[in-house]
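Okay, here we've got a single chain as structure tokens, the form predicted on its own, with questions on binding and movement later.
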């Protein structure tokens, strides 16, 4: 029997599911075996994700790439539980696998030993993420959403600690509310339309009677609130900075993609359901995304300036990233969406690397000891008998130089300075806002475009001030020989790899932007996606074998 390429679509879900289930039968004391299984499965996941990304390139580029549909149970659409692969979902799969491999390698230094079932929870989180990016119906989106959240609860609390438990309990409570809203919204939409298949919903929404419009809009609004909580839009984002700052470094590194799940779903559903509606840019939904995104950028900017620790700074940087993406979605412009997709990849890589880097930078620091050292220096007292601290790993030569270089690279990416990909992403977005093709269709440039540009620049300036302040306090204030952290090569390697990935994005900005433009075009013209799902062929039944009597 010939295996169709569509069968590969389910692999990003099966690989972490099987590997995570197998780990439950292994003794948690055999961490080397568990770590090896996790690394192998994540490498396989990355390889499969790259193959699926290549699969979307097989058709004519003008059509938006290939749409691959996997029908579970071989039921016909829209009754089938289907998985749908297109450019956007394939890009998110590759990004998730890249972050997962980096965070997993980083955790081998010490974090995977800090509690039980770390590898199982990590793999189940990947299963939920990949399923959310691939699913083609709302109910299974809810299922994968819950799998992802259930695993994230354990990862937030991994390693214990009072601050971590407090932030984790807040995180669990907020997301339980979001899950309830998700379920209520799905129920209302199903009650009105009679389907949860996304492509089928895109067809039936335009056919809803006026009497049912209120129920449909209520369901869509409740569903949107659930996704906006996960995306971190102000004022629903109060939980995010504290939770991400308290989470263990490898967990926070993979959580950088979790906030993008809400962004992904909002982008997917908004353009799939209303992409062909010329009045959608002026609709209340688009305006909420636009002004809510602008408010989120402003809130994140203030938070970045007010942050006294690097962990909270990174959490507020996530909000700036989310606000930029939400505003771009609300503008409903193909060119802006293309730049936002480039920004999504660049900012997620940079923030993930920053979360891991913060743990290494702060490893040897003790706030009470720092205050005592400053006091002793002020009184001219020096204690030559220093007690040896517990060594986590072998010191890398020029450790501070390496960490400082990585810190500077993260700063350049998040600020948006040339020459790295953060500058390219913001430049593309601003160029699209004020391009002649767009402004020629309007009498004046909209005020929202000027506000967006101003907030992007101000958020970059705030990030510059905050990271300069943190860098001075971290690398310059105290003598280097008293603050040299002990790190393993296996911990610095994934950080360098993610930063190198942003360098590749910069060097290959032309081909990458062509891919993003084609992806944005396919999102704003959803008809090929709808037809690809609704006309997906069923697999041929196996040929019967005749047995001679």
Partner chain sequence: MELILSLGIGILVGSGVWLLLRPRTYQIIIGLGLLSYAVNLFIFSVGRLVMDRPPVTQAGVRVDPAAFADPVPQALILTAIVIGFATTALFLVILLAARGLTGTDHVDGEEPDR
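Numbering follows the first chain given and starts at 1. All values reported here derive from a predicted model rather than from experimental measurement.
We do not show the form predicted in complex with the partner chain, though everything after this point is about it.
Q: How about residue 400 - does it come within 4.5 Å of the partner chain in the predicted complex, if we only consider non-hydrogen atoms?
A: Because no heavy atom of residue 400 falls inside 4.5 Å of the partner chain in the predicted complex, the answer is no.
Q: When the contact criterion is heavy atoms within 4.5 Å, does residue 72 count as touching the partner chain in the predicted complex?
A: Residue 72: no, not in contact with the partner chain in the predicted complex.
Q: Can you work out whether residue 139 and the partner chain are in contact in the predicted complex, taking contact to mean some heavy atom pair no more than 4.5 Å apart?
A: Result yes; residue 139 sits at the interface with the partner chain in the predicted complex.
Q: At the 4.5 Å heavy atom threshold, is residue 423 in contact with the partner chain in the predicted complex?
A: Output for residue 423 is no: heavy atoms all beyond 4.5 Å of the partner chain.
Q: Looking at 235, 419, 278, 191, which is the one with a non-hydrogen atom within 4.5 Å of the partner chain in the predicted complex?
A: None of the others qualify; the residue that does is 191.
Q: Just one of 269, 205, 183, 461 has a heavy atom within 4.5 Å of the partner chain in the predicted complex. Which one?
A: Contact with the partner chain in the predicted complex is made by 183 alone.
Q: If contact means any heavy atom within 4.5 Å, which of 333 to 341, 139 to 147, 100 to 108, 235 to 243 contacts the partner chain in the predicted complex?
A: One stretch meets the cut-off, namely 139 to 147.
Q: Can you tell me which residues in 161 to 196 come within 4.5 angstroms of the partner chain in the predicted complex, by heavy atoms?
A: Residues within 4.5 Å: 161, 162, 165, 166, 169, 170, 172, 173, 176, 177, 180, 183, 184, 187, 188, 190, 191, 196.
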